[in-house]
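As a starting point, one isolated chain is supplied in structure tokens, in the form predicted on its own.
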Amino acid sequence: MSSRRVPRGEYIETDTGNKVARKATLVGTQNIMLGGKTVIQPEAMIRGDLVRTIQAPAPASGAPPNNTAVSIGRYCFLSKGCCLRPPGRPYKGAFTYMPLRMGDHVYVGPGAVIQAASIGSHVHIGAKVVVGEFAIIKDYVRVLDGAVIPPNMVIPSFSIVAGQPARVIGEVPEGMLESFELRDLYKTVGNNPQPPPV
């Protein structure tokens, strides 16, 4: 008797179009929010288990308290071996984690470690970049490969950042803004990838 099972693809594709590699590591998935059309490549890790240990008071509406550890927007691309972890700090006498929020069209390069408080939309983070705890990266920022962004640094919109420690070395030219769009890159990954446009 032959089984007519569909072969398992390399990626799990969700109803909202997220493509999550079976070899990716998502810990505490109930605390990870994906906005849709996000790609998580093999060996990428998201630490959703690092949640606030001190409970925020429940909203008056009676809704459950928000325990999101990592929130990712639409059309984000998490490359091989990158790691997203919420930033942590002592708070009211105990060590606790704060949420890591990421906008839309954010590219995280291979081997990057992100512990930012927030990353805006249309951000390109290069390979082996380290983003320190509670750093804030605004919209349309390009972080070059190997940069180390110190904790609590705020990077203004339209900046190009490089170095160890990182500093702003230039501005993103207006003609480069569409290069931050990740819709085409999204289509090249998954169980039925399409070739990149020429």
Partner chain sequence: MSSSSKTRHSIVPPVVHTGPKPPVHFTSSISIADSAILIGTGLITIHSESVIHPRAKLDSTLGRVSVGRRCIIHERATLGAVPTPPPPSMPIVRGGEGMSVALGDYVIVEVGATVEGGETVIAEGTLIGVGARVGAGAKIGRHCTLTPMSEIAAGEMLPDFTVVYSNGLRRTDNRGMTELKNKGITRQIDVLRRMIKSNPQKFA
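Only a predicted model underlies this, so the values are computations on that prediction, with no experimental measurement involved. Positions refer to the first chain, counted from 1.
The form predicted in complex with its partner chain is left out here; the points below concern that form.
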{"query": "Its partner chain: the contacting residue among 136, 168, 148, 144 in the predicted complex [heavy atom, 4.5 Å]", "finding": "148"}
{"query": "Its partner chain: the contacting residue among 181, 10, 174, 13 in the predicted complex [heavy atom, 4.5 Å]", "finding": "13"}
{"query": "Exercise: residue 85 in contact with its partner chain in the predicted complex, heavy atom 4.5 Å", "finding": "yes"}
{"query": "Close approach of residue 130 to its partner chain in the predicted complex, 4.5 Å, heavy atom", "finding": "yes"}
{"query": "Touches its partner chain in the predicted complex: residue 39 (any heavy atom, 4.5 Å)", "finding": "no"}
{"query": "In the predicted complex, residue 155 touching its partner chain (heavy atom, 4.5 Å)", "finding": "no"}
{"query": "Contact set, 91-116 vs its partner chain in the predicted complex - heavy atom within 4.5 angstroms", "finding": "93, 94, 95, 97, 113, 115"}
